[in-house]
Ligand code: NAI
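Read the single chain below, which is given as structure tokens and is the form predicted on its own.
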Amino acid sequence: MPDVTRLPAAEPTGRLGIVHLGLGAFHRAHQAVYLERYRQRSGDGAWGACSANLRGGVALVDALRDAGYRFHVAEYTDRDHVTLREIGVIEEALFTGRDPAHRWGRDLEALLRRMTSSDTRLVTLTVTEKGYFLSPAEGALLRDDPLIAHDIAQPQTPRTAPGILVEALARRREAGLPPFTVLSCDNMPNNGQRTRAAVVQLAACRDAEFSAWIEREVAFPCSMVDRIVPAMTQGDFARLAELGIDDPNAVVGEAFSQWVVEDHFPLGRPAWEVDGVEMVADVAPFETMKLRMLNGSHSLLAYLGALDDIETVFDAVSRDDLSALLRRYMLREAAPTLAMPAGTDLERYAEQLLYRFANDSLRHRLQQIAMDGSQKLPQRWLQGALARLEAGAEVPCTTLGVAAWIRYTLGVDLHGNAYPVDDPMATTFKLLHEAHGEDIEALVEAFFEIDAIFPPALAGHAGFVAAVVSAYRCLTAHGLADTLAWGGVLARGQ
């Protein structure tokens, strides 16, 4: 039995100043925890949250309602030490996604009314990269996507996060209310600017003057979020049951947590800084550091590990060759692309990340991390790789990662085990593999021609493309272990 610290929730106040879009595990284990800590410390009840589930089933929303909107977050330092928090700051949960029993938008109108309330001063989002419906490489709105096409044709009944924001802002403008602040908490570079781009472009399909008003009047601060929150397993629920917690809405995560936020909130905000949130003038350096070093390392583990039938991050970093690969990638390929404030110790940050990855109390599945690679890789790997190549440097770890990702999209690992490829472009990938079969050079070149993923300058870098072809051949012919030792470079971390 681990040593347990139990922290009860504060009492609800019924005053909801925040609407959150994306009622997933990360929101419940990150932003909700900061809000709970703030309420408990300050006694300020004005910042309760209404959280909406935009996709998936209605079961989570119903389960939260049945529990009186209370749930638990278990924060594991390691398997022997856990802090068990009860969270009560989410005081309303809504469902606007698609469910076989309810079709679309059971609570959509209730959500729009909440967002139009004068009490709502802040809207936050965790809808993943694909939830913004932007081209990963260029940031253009995907107007041909069926959901965005619906929001253009029927803006009063939106089905996407950008569409919901646009409709809510239109209603506030018509009612003479000032616009709420929109705070993205997703892992995207310049996430505030990308959110603004999605909303402004979608609004322009409705009315050019309205779009200009959004661009002029609505604040879209950037943020960087960090906490490892794996998908819940039956084993996690069993561990909680041993602690006396029977909670279907519970979330398990690591003890470490970080939130860096650009301080631009015209209608006010909680005094988060007292609770550890870093309120800064410019989030970009921290955001890029995390995307390229932490998320980039996670993606390396995800695609290489999944190809070798490795299940979790812990299992992967327990291998010396993969641990050496991550250290080499972070210090020799990612860190040199970063422009950090004075005093930032990137070598220490890299070692801290390796320590966190080795937390044996978490079961962070590599297949979970591998989802939506087409949306993630431009900011995690490709932009940094292009910068290093243009500086005359080599990027063998990123090269291997890209080769592994292309091979991963086949849906069969190196041992013949099949798995689903969860990606918005999965059909495109399947067609490319069918078209090119065993012709590795043609296959890799076809992937590089996907301009929604690969920047033209990188796709046109003949040396990099050829290196990816070689890495792909090595992986498929010799397996992961021999590939990591290829030339001794990766295994030695040189």
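A quick note: this is a predicted structure, and the numbers were derived from the prediction, not measured. Each residue number is its position in the shown sequence, starting from 1.
This next part talks about the form predicted together with the ligand, which is not shown.
Contact check for A25, K130 and V229: all three have a heavy atom within 4.5 Å of the ligand in the predicted bound form. Contact annotation: the ligand lies within 4.5 Å of heavy atoms from the stretch 53-61 in the predicted bound form, the single such stretch among 432-440, 40-48, 460-468, 53-61. None of the heavy atoms of H72 is located within 4.5 Å of the ligand in the predicted bound form. The closest heavy atom approach of K290 to the ligand in the predicted bound form falls within 4.5 Å. Looking at D186, you'd find a heavy atom of it within 4.5 angstroms of the ligand in the predicted bound form. Although the partner is absent here, I214 lies well away from the ligand in the predicted bound form, with no heavy atom inside 4.5 Å. This chain is displayed alone, yet in the predicted bound form one of V225, L141, L377, V395 has a heavy atom within 4.5 Å of the ligand; that residue is V225. The partner is absent here, but in the predicted bound form a heavy atom of T126, alone among S361, N249, T120, T126, sits within 4.5 Å of the ligand.
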